[in-house]
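Listed next as structure tokens is one chain, alone, in the form predicted alone.
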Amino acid sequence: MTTTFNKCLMAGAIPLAILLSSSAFAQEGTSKGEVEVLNWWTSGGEAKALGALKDKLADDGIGWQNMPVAGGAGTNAMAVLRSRITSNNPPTAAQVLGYDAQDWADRDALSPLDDVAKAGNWDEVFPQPIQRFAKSDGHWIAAPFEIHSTNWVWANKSMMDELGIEQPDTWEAFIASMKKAQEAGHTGLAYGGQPWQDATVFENVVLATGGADFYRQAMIDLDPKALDSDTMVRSFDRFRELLQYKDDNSPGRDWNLATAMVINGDALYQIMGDWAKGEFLNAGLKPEQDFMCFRTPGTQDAVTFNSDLMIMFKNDDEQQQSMQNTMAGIIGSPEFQVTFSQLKGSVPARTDLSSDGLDACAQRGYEQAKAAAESDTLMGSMAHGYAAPAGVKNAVFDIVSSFVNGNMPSDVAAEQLAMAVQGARS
């Protein structure tokens, strides 16, 4: 594939590639070539969801070359993508998260999707917090797959029933239930000791401790006073309390293996985004019968989110451009949004759909996400690239993981967090 990518990175690069008309999207019955898609969807539930896109493209005569790069938060995939770009060999498309899409748009590296977006009414149906990352300078540069929210608890229902545990609504009840499970010989909290997982759990604690306004001040506005505040110190205190209920084998554990602990009855809870639900569903389990889902106690009035975005890289090949547009149109379509979320564990990013085809957890999550968008409490996840740029996110990762793996006092952790964020921003 001949590309203009190096030229696109230069000042005064050539204009954006001209999109083909929407009538090209509907052509069927002939082979249109093949797309290469870089992604990090390698677990069972994720692979099934990605297969739905592959199948839809096949219906349009488009072949699929998968480029999976394992790693739950996409860090490894982004390293591979940078290597591909450096060698002037970008894939057709890549799965990215919020600020990564903006970074490539700032380099003028992406094909515009405005015609596809107009045909799908994207300006009206995707919530503004997602548009903030899927658009650049008023132009659509990414197709949103879904809304994943990160403030979920996944619970083994049989263990809850056996131990007489009711769904906890407060932080105190949450801790008490894990203590009860631990005293009965179970792991209270299934935990994956990787930096992005540490940060996922930590942001849940920050939101539960300080509420939506504090979360926004600290994690999104990056206010130094909020970062080094009594509320942040209390957040670290609660985080340390929570860590007492993980097992000793947690360091380095992948998120889906932690999910499997809950599935298999080895642990009571997991705090994780709703992609974890895809693992339960892939195991043939049913929500509210075999497992429970509820917002992390103290976070019920807000939703922290990430949204997988598909970006398309500029190239000179009109066939590739047409296939990119077809792919974007499929991703943003109402039917695919529902199908994908049914498999992935997420909820549709479009807000104009019926939730009837979603499972019980997703139906509740979809309504909560829409309500949060209306009340301005649909807020980007720090751990997943929707609250701050990569440099700041990585600085937060470093402090939080140091806290998890050491004996850092909470007041020192808050002070170090504020300093690290300030250093990453300067």
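Predicted model only: the values in this text are computed from it and were never measured. A residue's number is simply how far along the shown sequence it sits, counting from 1.
The same protein also has a form predicted together with beta-D-galactopyranose (GAL), omitted here; what follows describes it.
Heavy atoms of Ala73 reach within 4.5 Å of beta-D-galactopyranose (GAL) in the predicted complex, making it an interface residue. beta-D-galactopyranose (GAL) in the predicted complex is approached by His148, whose closest heavy atom lies within 4.5 angstroms of it.
In the predicted complex, Gln102 stays away from beta-D-galactopyranose (GAL), with no heavy atom inside 4.5 Å.
Contact check for Lys277: no non-hydrogen atom falls within 4.5 Å of beta-D-galactopyranose (GAL) in the predicted complex. Stretch 306-314 is the contacting one of 110-118, 306-314, 240-248, 151-159, since its residues have non-hydrogen atoms within 4.5 Å of beta-D-galactopyranose (GAL) in the predicted complex. This chain lacks the partner; the member of Ile141, Leu97, Met78, Val338 within 4.5 angstroms of beta-D-galactopyranose (GAL) in the predicted complex by a non-hydrogen atom is Leu97.
A heavy atom within 4.5 Å of beta-D-galactopyranose (GAL) in the predicted complex is found for one listed residue only; from Trp255, Phe236, Phe133, Trp122, this is Trp255. Contacts of stretch 41-63 with beta-D-galactopyranose (GAL) in the predicted complex, defined by any heavy atom lying within 4.5 Å, are made by Trp41, Glu46, listed in sequence order.
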